[in-house]
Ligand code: NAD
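Below you'll find only one chain, the form predicted alone, shown as structure tokens.
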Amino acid sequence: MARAPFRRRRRLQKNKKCFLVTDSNVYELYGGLIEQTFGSIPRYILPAGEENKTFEHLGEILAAMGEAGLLRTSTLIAMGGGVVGDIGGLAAALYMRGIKCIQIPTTLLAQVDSSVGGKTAVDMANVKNLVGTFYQPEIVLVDPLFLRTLPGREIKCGLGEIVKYTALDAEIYRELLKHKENLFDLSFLAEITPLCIDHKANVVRKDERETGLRKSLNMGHTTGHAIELYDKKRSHGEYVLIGLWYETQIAMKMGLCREDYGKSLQELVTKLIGEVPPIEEEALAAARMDKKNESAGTVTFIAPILKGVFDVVKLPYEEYRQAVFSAMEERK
């Protein structure tokens, strides 16, 4: 059972107006621990799954917060994976123009990435995270013991983001290569998680609202998000890995990414997900709506160059499309 996050129990209970947002999976696993720790504080249990990160559920959370009598001095506790953190954080940002938010991430993906940095959002119009805001949590409490109850697919999902960090941070790259034969080992994950958090926190301190450096954290996400919106059969982290493979291949063909380095990243991808699948043209078209794009008809993605070095690539959609289809041919 997870214990470390709840050492702050006394501090949390000083504010009697707390509200918990979690999901059905987390509540099934940790309902007893939640009751023991937080008692009978009001709560909203979101049905598990990305498909529930919607305006409808956001409205229900806000209504429940109002019915619970929360004030501007109240605190929302988001305990769960990335979906809970995103929608719970957005509810905290909106309620009475902003109340305190505490993030308790329970998945590897949320621990190494989504709980840190203050991005909150819901999906809309078949676009992932279309509506949201930047709203920094008061506290992020990370405990690797939560990983003991994660299925392998969820570990793989988090590893997708960790592999992304290897392309941005030379130290993380070296650590992952040293442990590439035991990537699912929980002791290794407990060691590398703080490195990923430190990297992201340092980036966010320099560029909170993603006007420059923070865009690097979207590596693999342009193509990955496009496939994820169309396919929905894999986890978010797996789509990031697929996107990273294709975007690395394009960067190598453009002469931006050194081939030995690019091949090592692609090897990590295939080690986790096996053969990289082809991309349907309908899925690829969704890249035109990616939030990183700065002009109509242009697709922007983050390309790995060398260990810890990246570049921003902007291609007209037709060139991007042709580059992806060329990469699909080369992968056969």
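From 1 onward, residues are counted along the sequence shown. Just so it is clear, the structure is predicted and the values come from calculations on it, not from any experiment.
The same protein also has a form predicted in complex with the ligand, omitted here; what follows describes it.
Novice: With the ligand left out of view, choose which of T223, T106, T166, T248 has a non-hydrogen atom within 4.5 angstroms of it in the predicted bound form.
Specialist: Looking at the other structure, the residue within range turns out to be T106.
Novice: Would you mind picking the one in H199, R234, K128, K156 that has a heavy atom within 4.5 Å of the ligand in the predicted bound form?
Specialist: Contact residue from the list: K128.
Novice: Quick check: do I162, L268 and G308 each get a heavy atom within 4.5 Å of the ligand in the predicted bound form?
Specialist: No.
Novice: Whether V26 contacts the ligand in the predicted bound form should be assessed with a 4.5 Å heavy atom distance threshold; does it?
Specialist: Output for V26 is yes: heavy atoms within 4.5 Å of the ligand.
Novice: Can you work out whether G255 and the ligand are in contact in the predicted bound form, taking contact to mean some heavy atom pair no more than 4.5 Å apart?
Specialist: So G255 does not count as contacting the ligand.
Novice: Is K53 near the ligand? Define near as a heavy atom within 4.5 Å, in the predicted bound form.
Specialist: Result yes; K53 sits at the interface with the ligand in the predicted bound form.
Novice: With heavy atoms only and a cut-off of 4.5 Å, decide whether F146 touches the ligand in the predicted bound form.
Specialist: Although the ligand is absent here, F146 would touch it in the predicted bound form, with heavy atoms inside 4.5 Å.
Novice: Among the candidate stretches 191-199, 177-185, 148-156, 93-101, which one is within 4.5 Å of the ligand in the predicted bound form when only heavy atoms are counted?
Specialist: In the other structure, the partner sits against 148-156.
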